[in-house]
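Below sits a lone chain in structure tokens, taken as the form predicted on its own.
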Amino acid sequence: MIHIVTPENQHLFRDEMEQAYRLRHRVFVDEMKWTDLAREDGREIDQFDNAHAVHMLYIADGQVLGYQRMLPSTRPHLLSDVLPQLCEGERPVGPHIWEWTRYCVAPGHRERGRALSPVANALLSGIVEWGLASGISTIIIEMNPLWLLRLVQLYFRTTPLGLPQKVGDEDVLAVTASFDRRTLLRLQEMRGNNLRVLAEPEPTVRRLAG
């Protein structure tokens, strides 16, 4: 299940958030060699892990197997403050537009070939479920250009914001990706069920008692 963590309930997910920060460090620093993000404590945290961030965690048996972060486009985010060169025109801004960042899946739970892994499908489905319920219809993504075709196949309507540019050792492209009910149906079709992936919020008393 995908659990949404915000400042209001983050105290209920202290252990899971620690796992998430360490997963981020393992993926982005150890694997992808984004050495600027390295920290001695092995936790990848940046200036956008603030009161406005929405964290989404895939948790199974107490283990965080996948993670992603959503940032409002109306506040400072990667495209506005770190990678503005990726946007050649007017930067997309609005309450219905959020930025998708720090997507990562634990080794052993990633896709092989073209099919999305169950964790990856759930993370993407979580964005769409959350967005449809929250009046959000578009995400900003800074990504490898090879992801373009995959997003289109998942029924995201993608629009490049500029040409790919080198960021570190990788080509990175900024896009907007809009979604609707058809996107969710497509993701459900691919995983073979229409069950909700977002976990229902747990009562605070019950969570603390556990």
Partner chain sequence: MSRKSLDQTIELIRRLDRARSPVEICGLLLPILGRFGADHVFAGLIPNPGSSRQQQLSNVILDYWPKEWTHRYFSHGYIASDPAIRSVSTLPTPFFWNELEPLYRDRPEARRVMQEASDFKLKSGFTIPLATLEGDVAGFSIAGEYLDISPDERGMLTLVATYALGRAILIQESAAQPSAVLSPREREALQWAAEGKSEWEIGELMGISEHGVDKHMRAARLKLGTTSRTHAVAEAIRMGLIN
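Every value quoted in this text rests on a predicted model; they were computed, and no experiment measured them. Positions refer to the first chain, counted from 1.
Beyond the structure shown, there is the form predicted together with the partner chain, which is absent from this document and is the topic of what follows.
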item	value
Heavy atom of each of Met70, Pro84 and Val93 within 4.5 Å of the partner chain in the predicted bound form	no
The single option of Ala60, Leu163, Leu37, Met32 touching the partner chain in the predicted bound form, heavy atom within 4.5 Å	Leu163
Leu78, Leu116, Ala106, Ile97 - the one with a heavy atom within 4.5 Å of the partner chain in the predicted bound form	Leu116
The partner chain in the predicted bound form: contacting segment from 155-163, 62-70, 43-51, 22-30, heavy atom within 4.5 Å	155-163
The partner chain contact in the predicted bound form: Glu189, any heavy atom under 4.5 Å	yes
Arg150: touches the partner chain in the predicted bound form, heavy atom cutoff 4.5 angstroms	yes
Interface membership of Leu185, the partner chain in the predicted bound form, 4.5 Å heavy atom rule	yes
Proximity of Gly89 to the partner chain in the predicted bound form, heavy atoms at 4.5 Å	yes
Interface residues of 1-38 toward the partner chain, as seen in the predicted bound form [heavy atoms, 4.5 Å]	none
